[in-house]
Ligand SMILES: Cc1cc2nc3c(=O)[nH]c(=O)nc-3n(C[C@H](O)[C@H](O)[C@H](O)COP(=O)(O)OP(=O)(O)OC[C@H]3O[C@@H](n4cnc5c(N)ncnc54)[C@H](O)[C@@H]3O)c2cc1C
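Below sits a lone chain in structure tokens, taken as the form predicted alone.
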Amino acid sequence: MRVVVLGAGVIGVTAAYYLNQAGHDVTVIDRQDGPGLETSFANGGQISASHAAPWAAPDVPFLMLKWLGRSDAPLLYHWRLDWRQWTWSLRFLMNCLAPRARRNTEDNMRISLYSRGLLPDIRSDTGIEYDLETRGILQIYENQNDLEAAARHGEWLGQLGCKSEVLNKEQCIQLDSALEACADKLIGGIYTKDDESGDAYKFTANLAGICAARGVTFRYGETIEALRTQHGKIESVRTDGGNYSGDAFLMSLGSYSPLILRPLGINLPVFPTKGYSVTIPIGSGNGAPSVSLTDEENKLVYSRLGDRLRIAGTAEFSGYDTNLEERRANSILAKARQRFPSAGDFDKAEFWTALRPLTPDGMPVIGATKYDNLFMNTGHGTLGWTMCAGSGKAISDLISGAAPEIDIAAYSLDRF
């Protein structure tokens, strides 16, 4: 079939890879000048099945109240005169109820583990390089009660297939000597050795290059304007550069997916959530962590990407505003400098921000739509890098008329 993929981020490109493997004639369209230049460009770098729990969790409403008025709050909410934001927010709060949060975590875990298991196959097939680290992810804690609660959560995740172990302070430092710099505050950590980290942008760009060499067509620098329908199907996609017809169409435009779908009568509850990251050069003889870390106290993640250290975090609900607020980026930089003062050259830090597509229940939307040949693979929130291979393989199977290897019913748009 002729399959048109809308979006050349890590989600769209990985799906295109699997669609090409299945023998389809694939075209990928993106408004940027190359692949992975928006949300996939400078994320936290973690491939983290251990972080499959959605943002909508029982303690989140309390934390939001606690952080009110803080400009450096990990979660900053700007109320707007937008009924869609209010509706989304009410759904989000409903998913904070413990039974729903538990079910959503189980569903996220299923696709995260599936995806993590597929990445070695992609590496074997393509020889792709993307600053991969397979040393696991360590969540570090300063509070004993928080560590004990995380340990209980980790035991449950272990029953779902994501194994972890509790480490004391000395074991954490033995795992990564860079933690000596903050040993006075460190209580212990939760270590998930099977998780990974890597540069999502390098992966996306290099995989796009491999796909192009295998026959996938990429149309960069073209803004998607509308989908044209005929007889209950999508007939073509209109861009500012032309029209593209196809037998099947895949929506992978992240936060911008709802804007294209609304004229078709499809209400996709994906809301943009701004995230920030800071990248610093580390050079040689540095004190940067070598194991990917999650700093639970400050809600930040650290990943070593070759000769760079990536620090990412915060969430800001401010609609489609993509302006980088230096105060929030500098707050991340300051916390990283305090935690690891000899990590690298903080004066050469590069700031970045982008919109992450978040659903009220924190799960992606993967599956068919009311149009026979329109499919969705979007709304992954902060887990796009973690879930890209699994969701790409599953939607490729579905488009190809085959049964996906995992049950994807929970990710259907029909759940809303």
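A residue's number is simply how far along the shown sequence it sits, counting from 1. Bear in mind the structure is a predicted one, so any value in this text is a computation, not a measurement.
Not pictured, yet referred to below: the form predicted together with the named molecule.
Visitor: Among the candidate stretches 96-104, 218-226, 128-136, 173-181, which one is within 4.5 Å of the named molecule in the predicted bound form when only heavy atoms are counted?
Guide: Of the options given, it is 218-226.
Visitor: Considering non-hydrogen atoms and a 4.5 Å limit, which listed residue (268, 312, 119, 282) is close to the named molecule in the predicted bound form?
Guide: Of the listed residues, the single hit is 312.
Visitor: Decide yes or no: are 8, 44 and 357 jointly within 4.5 Å of the named molecule in the predicted bound form, with each residue judged by its heavy atoms?
Guide: Looking in the predicted bound form, the three residues 8, 44 and 357 all sit within 4.5 Å of the named molecule (heavy atoms).
Visitor: Looking at the partner-bound form in the predicted bound form, is residue 361 within 4.5 Å of the named molecule by any heavy atom?
Guide: Output for residue 361 is no: heavy atoms all beyond 4.5 Å of the named molecule.
Visitor: Does residue 253 make contact with the named molecule in the predicted bound form, using a 4.5 Å heavy atom cut-off?
Guide: Yes - in the predicted bound form, heavy atoms of residue 253 and the named molecule come within 4.5 Å of each other.
Visitor: Is residue 383 close to the named molecule in the predicted bound form, meaning a heavy atom pair under 4.5 Å apart or at it?
Guide: Because a heavy atom of residue 383 falls inside 4.5 Å of the named molecule in the predicted bound form, the answer is yes.
Visitor: With the partner left out of view, is residue 351 within 4.5 angstroms of the named molecule in the predicted bound form by any non-hydrogen atom?
Guide: No, residue 351 stays farther than 4.5 Å from the named molecule in the predicted bound form.
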